[in-house]
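As a starting point, one isolated chain is supplied in structure tokens, in the form predicted on its own.
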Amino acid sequence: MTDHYDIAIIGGGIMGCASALQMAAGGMRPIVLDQGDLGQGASGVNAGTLSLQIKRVKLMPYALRGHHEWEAMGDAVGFRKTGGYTLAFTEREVELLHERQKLKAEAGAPITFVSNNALRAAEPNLTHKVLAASYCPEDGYANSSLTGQYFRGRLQDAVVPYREGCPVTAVARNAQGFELTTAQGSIWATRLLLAAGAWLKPVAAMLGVDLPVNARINTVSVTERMLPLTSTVIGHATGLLTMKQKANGTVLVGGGWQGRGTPQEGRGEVMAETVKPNMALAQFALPALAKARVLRSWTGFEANVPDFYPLAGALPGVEDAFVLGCVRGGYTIGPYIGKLMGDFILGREPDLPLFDPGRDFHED
């Protein structure tokens, strides 16, 4: 027997789950389907950084609201508001830092520039080769590995059904809605939301839609436990470094350095030639890391489109189908833009504008 729902959501990451919860609160009957476990795609393997300093100016209102969502989740997702510093080591990086952070401050982020004396007082273990630094008290991090556990509990509390290990292999559109063929039988839904992250392109292709989605293969590394070295989130003016020390003493290092692979092939492959410069930059910023062993490095797929803004709205050419995903910084804004998407599908006016998936894409 085929199950019937008001909407089927393909993808059980932060955005898909947040949308489902919002729609359920509005009276709809959704179901969430994930090919693996909830929150174990990009939502669960990223570095967990929640920094306003590395967000694009146009997305700042979404990031600010996303921060509030994470803060409300609190200990359940390992949220910590530590503040964060972004560093510049060369004159060109100083120009870049001032140019970018000034615009972000004007967009609402509480970012200020700090003196070297103030930086050294707050973070004495950082290199003395810093030429300029910005600070944001709202910066912090969450534990991305808790994403699935958290949203699984939220869906259960809201009595929203979900199926894990349930890849969708075919989607058929008819007058009554959508027929989904899955590894756990057929599902029928009046509406459909594609929230499959780096897998959006092949999922949309089942409906004859070619989305301009690419995938980056970001690498994250973690060191052995160290004595206390830093208490804030540390970044670099280029965006090629994010670093924070967790309560257990391990140091988590990211920055968007690339591995190898495609979502269709499974998990990505870590490449030594990109891990090494990532760790070298981290060690330059925090010299004591020279004594640390890297225990593990891993990759996660980050979907994007040519202009690097979200896809959030109606799926072009397919009535009652919607798409949500594809943005750098999706971990930070995910809980909030998921709510916006839920409101949109419920027929409500979202608090902030969405991002038309049918727009003319170009680099911004």
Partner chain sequence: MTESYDIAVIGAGPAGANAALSAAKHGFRVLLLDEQPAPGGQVWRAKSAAILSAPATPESRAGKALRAAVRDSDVHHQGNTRVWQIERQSAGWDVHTLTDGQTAKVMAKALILSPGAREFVQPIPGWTTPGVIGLAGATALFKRDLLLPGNRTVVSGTGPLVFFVASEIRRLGGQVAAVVTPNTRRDWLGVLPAMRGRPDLLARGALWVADLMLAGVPLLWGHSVTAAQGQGSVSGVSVRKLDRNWEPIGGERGIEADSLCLGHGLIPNVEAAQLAGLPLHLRPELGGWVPEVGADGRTQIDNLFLCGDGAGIRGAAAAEIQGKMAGLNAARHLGADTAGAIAELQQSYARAARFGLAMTKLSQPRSGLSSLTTPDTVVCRCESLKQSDILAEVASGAGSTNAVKSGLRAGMGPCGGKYCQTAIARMIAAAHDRPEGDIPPPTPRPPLRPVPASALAGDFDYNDLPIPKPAPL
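Numbering follows the first chain given and starts at 1. Since this is a predicted model, take the numbers as computed values, not measurements.
Below, we turn to the form predicted together with its partner chain, even though it does not appear here.
Residues with any non-hydrogen atom within 4.5 angstroms of its partner chain in the predicted complex fall in just one of 189 to 197, 227 to 235, 166 to 174, 248 to 256: 248 to 256. Contact check for residue 296: a non-hydrogen atom falls within 4.5 Å of its partner chain in the predicted complex. In the predicted complex, residue 113 stays away from its partner chain, with no heavy atom inside 4.5 Å. Contact annotation for residue 272: at least one heavy atom lies within 4.5 Å of its partner chain in the predicted complex. Among residues of the shown chain, residue 202 is not one whose heavy atoms approach its partner chain to within 4.5 Å in the predicted complex. Interface residue among 280, 131, 206, 118, judged by heavy atoms within 4.5 Å of its partner chain in the predicted complex: 280. Interface residue among 292, 105, 142, 126 relative to its partner chain in the predicted complex, by the heavy atom within 4.5 Å criterion: 292. Shown here without its partner, the chain carries 96, 152 and 267, all of which come within 4.5 Å of its partner chain in the predicted complex through at least one heavy atom. Contacts between 46 to 64 and its partner chain, taken as any heavy atom within 4.5 Å in the predicted complex, involve 56, 57.
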